[in-house]
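First, one chain by itself in structure tokens, the form predicted on its own.
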Amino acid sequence: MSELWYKNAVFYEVYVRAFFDSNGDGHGDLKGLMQKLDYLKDLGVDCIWLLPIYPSPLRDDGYDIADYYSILPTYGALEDFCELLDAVHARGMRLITDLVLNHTSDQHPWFQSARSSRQSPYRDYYVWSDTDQKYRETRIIFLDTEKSNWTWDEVAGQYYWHRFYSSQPDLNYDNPAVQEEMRNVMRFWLDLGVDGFRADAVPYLFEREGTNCENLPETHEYLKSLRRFMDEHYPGRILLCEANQWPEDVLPYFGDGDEFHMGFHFPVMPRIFKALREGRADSLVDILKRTPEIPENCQWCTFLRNHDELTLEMVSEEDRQWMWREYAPHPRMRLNLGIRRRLAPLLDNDRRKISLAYSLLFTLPGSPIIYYGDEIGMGDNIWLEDRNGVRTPMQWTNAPNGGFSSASPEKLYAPVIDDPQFSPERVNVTDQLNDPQSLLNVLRRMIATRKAQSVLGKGKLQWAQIPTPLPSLVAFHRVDEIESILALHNLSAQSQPVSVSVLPQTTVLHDLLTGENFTPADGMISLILQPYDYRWLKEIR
């Protein structure tokens, strides 16, 4: 398969603990995920992204790693992971895992040794200081819980540096041994057969006085070395960059096509929600016009929701307050600089809005990522702590526990959603598979259509010409050297008559989703878009 497979791939984010419990202990596991691979294949998934599966005290749901070379026992063993990989590959899919480069758990043996003695060989694996006044220009990411990026350690007799929770000390990348250690971690999992990594929190690897300690040249130099290592020894595997930055600030993480293969486009996501609530396309169009070209062998990753809060870091303070008022009116819905809610509740459980949001996701530039459960419109639980409210058990059937586990409810790692609107009795995979008009089946058809049109993965975005502009209309062409598709989206709750210019020599426009044909007149197509309607029109010449 092409080494550029990721440019037209559909990704699916799996929280193993939440997906399916194979042994009745109340926790999802690797064997449970393996039993559901055919479901993911039928959905149209090309690549599965696993949240951290390593041993961990789970202070941050596995992003606090205590051992990079093993599997959390409740998830299974390395043998189970290898079996899972074989099963994924046998179905023509791929699998990437989280690579947490920036920090470890404070329970990791490296840190426990480091704090025990200044003579420890691991002391220099972390960033220590006698004062908490260094790097004062660095922002605090977890504003709700952390007052400083430094924490005093009584045993060590010094402060240690952390960009996230105080239970997650940052690694010291000025130490060559740390740099080599993380290459060894990559080598271990790549040798097992993983198809790449989603690299967590990469802007923060190095610290320098007088800077905000983000996006430093030293960070890029090290990341490029990881890419060279992968290209030389593991061609066809990918690195996906998590850098919650403005698009022009993410551009350096692609380098000249020699750093990351892919990067999340964080600022697009909140603007999709803003556009839907306002019924106006301005902010979405503006951020897309602001997005720079990236190297030909690179790709954006786009998403509607994920395992974290809906981040509002990349919006103005005015827009942040507006988004909180509109989408998170209850204080329990807010976290840090974001909103801890799932897709369906955010969009009022309105199928028209949800489908329109997915249509934007699948037609805009970038490879889309679907968060587990959002394909069936799962709900959330704002009364759970931290971001756990969007990490509840997958709802497979209308049986007890939503078919997730045979354990008694009190043994589940988290309660199943009990909101009547979103409970398993109303929202589950089995019922939706049997309903041709369900959200799940609508998405299956969208995904199949998208994958059949390579221009939606690799084509350029070209804004459509609209003689009479409509604030609620998002209209663009996706174009390559062979074909083009005109995508139309009505963000309004009202029907809209639309007239749009087609590309030259277009004789017929074929709606890829409905099968309808339209004939342009004088280089224009005119039609009526229903409330929250969308069209994928292939321009046939």
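The first residue of the sequence shown is number 1, and the count goes up from there. Predicted, not measured: the structure shown is a model, and the values here were computed from it.
There is also a form predicted in complex with a small molecule; it is not shown, and the following applies to it.
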{"query": "4.5 Å heavy atom contact, H307 to the small molecule in the predicted bound form", "finding": "yes"}
{"query": "Partner proximity in the predicted bound form: D60 to the small molecule, non-hydrogen atom cutoff 4.5 Å", "finding": "yes"}
{"query": "Close approach of R387 to the small molecule in the predicted bound form, 4.5 Å, heavy atom", "finding": "yes"}
{"query": "Any non-hydrogen atom of D200 within 4.5 angstroms of the small molecule in the predicted bound form", "finding": "yes"}
{"query": "Segment that reaches the small molecule in the predicted bound form - one of 440-448, 397-405, 213-221, 307-315, heavy atoms within 4.5 Å", "finding": "307-315"}
{"query": "Contacting member of Q168, T363, N428, N149, with respect to the small molecule in the predicted bound form [4.5 Å, heavy atom]", "finding": "Q168"}
{"query": "The small molecule: the contacting residue among F142, Y413, W189, Y159 in the predicted bound form [heavy atom, 4.5 Å]", "finding": "F142"}
